[in-house]
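So this first bit is one chain, no partners, the form predicted alone, shown in structure tokens.
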Amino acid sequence: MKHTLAVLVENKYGVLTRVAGLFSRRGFNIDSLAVGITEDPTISRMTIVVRGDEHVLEQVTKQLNKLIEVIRVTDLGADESVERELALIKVNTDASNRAEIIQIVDIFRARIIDVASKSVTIEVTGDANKIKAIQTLLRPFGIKEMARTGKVALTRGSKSS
């Protein structure tokens, strides 16, 4: 089972290394990691997706809370949060298949953000299933490059994480 953790940390150098090192030392694998500054420039938010049972989640949370730079750790349940990923996908194209690619982009409410003579770059946001689905449909055209962010998430409503 995958768990999404929102980890608020002090925005200082080396914090990411300490958090990643903690996972490495304890043998926990990070499925996804996204880090960015919050509305407060002294605080960063890490969205970490970790796979494991409730025992693993408890151990990860306890170990994270031991780090001095960690302010708060919140387990974001799927029903209680909104989450998105961003992917940039560069696809081979020519005059014969360009219309079909544009149609796929429209269906997924994605955007073409760069056009070249032999490729287009597509921006798509959504959950992991949406990104996987568009990737599957674009694969036959030839994906030249792809970059994905990790999952970012916030709690629903006025509650903060």
Partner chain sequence: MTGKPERMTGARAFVECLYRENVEVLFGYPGGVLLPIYDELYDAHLHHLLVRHEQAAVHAAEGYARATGKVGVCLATSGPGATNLVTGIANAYMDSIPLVAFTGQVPSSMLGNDAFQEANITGITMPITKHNYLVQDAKDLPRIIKEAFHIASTGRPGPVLIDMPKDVTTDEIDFVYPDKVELRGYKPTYKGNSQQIKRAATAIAKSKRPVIYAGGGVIGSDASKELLSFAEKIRAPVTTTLTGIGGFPNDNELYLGMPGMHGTKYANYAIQESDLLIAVGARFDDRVTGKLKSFAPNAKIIHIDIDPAEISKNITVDIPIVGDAKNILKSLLPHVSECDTKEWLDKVAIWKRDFPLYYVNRDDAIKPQYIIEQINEACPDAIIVTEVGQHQMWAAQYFKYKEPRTFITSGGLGTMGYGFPAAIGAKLGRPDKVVFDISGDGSFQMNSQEMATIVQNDIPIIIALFNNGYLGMVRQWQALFFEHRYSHTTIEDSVDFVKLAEAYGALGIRVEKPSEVRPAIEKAIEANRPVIIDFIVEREENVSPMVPAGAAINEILDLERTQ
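Positions refer to the first chain, counted from 1. What you see is a predicted model; the values in this text were computed from it and never measured.
The next section is about a form of this same protein that is not shown, the form predicted in complex with its partner chain.
Colleague: Sort through 126-134, 63-71, 105-113, 88-96 and report the only stretch with a non-hydrogen atom within 4.5 Å of its partner chain in the predicted complex.
Modeller: Selected range: 63-71.
Colleague: State yes or no: in the predicted complex, is some non-hydrogen atom of R26 no more than 4.5 angstroms from a non-hydrogen atom of its partner chain?
Modeller: Yes, R26 is a contact residue.
Colleague: Please tell me whether any heavy atom belonging to S119 falls inside 4.5 Å of a heavy atom of its partner chain, as the geometry stands in the predicted complex.
Modeller: No, S119 stays farther than 4.5 Å from its partner chain in the predicted complex.
Colleague: Answer yes if any heavy atom of E145 is within 4.5 Å of a heavy atom of its partner chain in the predicted complex; otherwise answer no.
Modeller: E145 lies outside the contact set for its partner chain.
Colleague: Quick one: does E54 come within 4.5 Å of its partner chain in the predicted complex, counting heavy atoms only?
Modeller: Output for E54 is no: heavy atoms all beyond 4.5 Å of its partner chain.
Colleague: Using a 4.5 Å heavy atom cutoff, which residues in 1-16 contact its partner chain in the predicted complex? It's fine if the answer is none.
Modeller: In sequence order, E10, Y13, G14 come within 4.5 Å of the partner.
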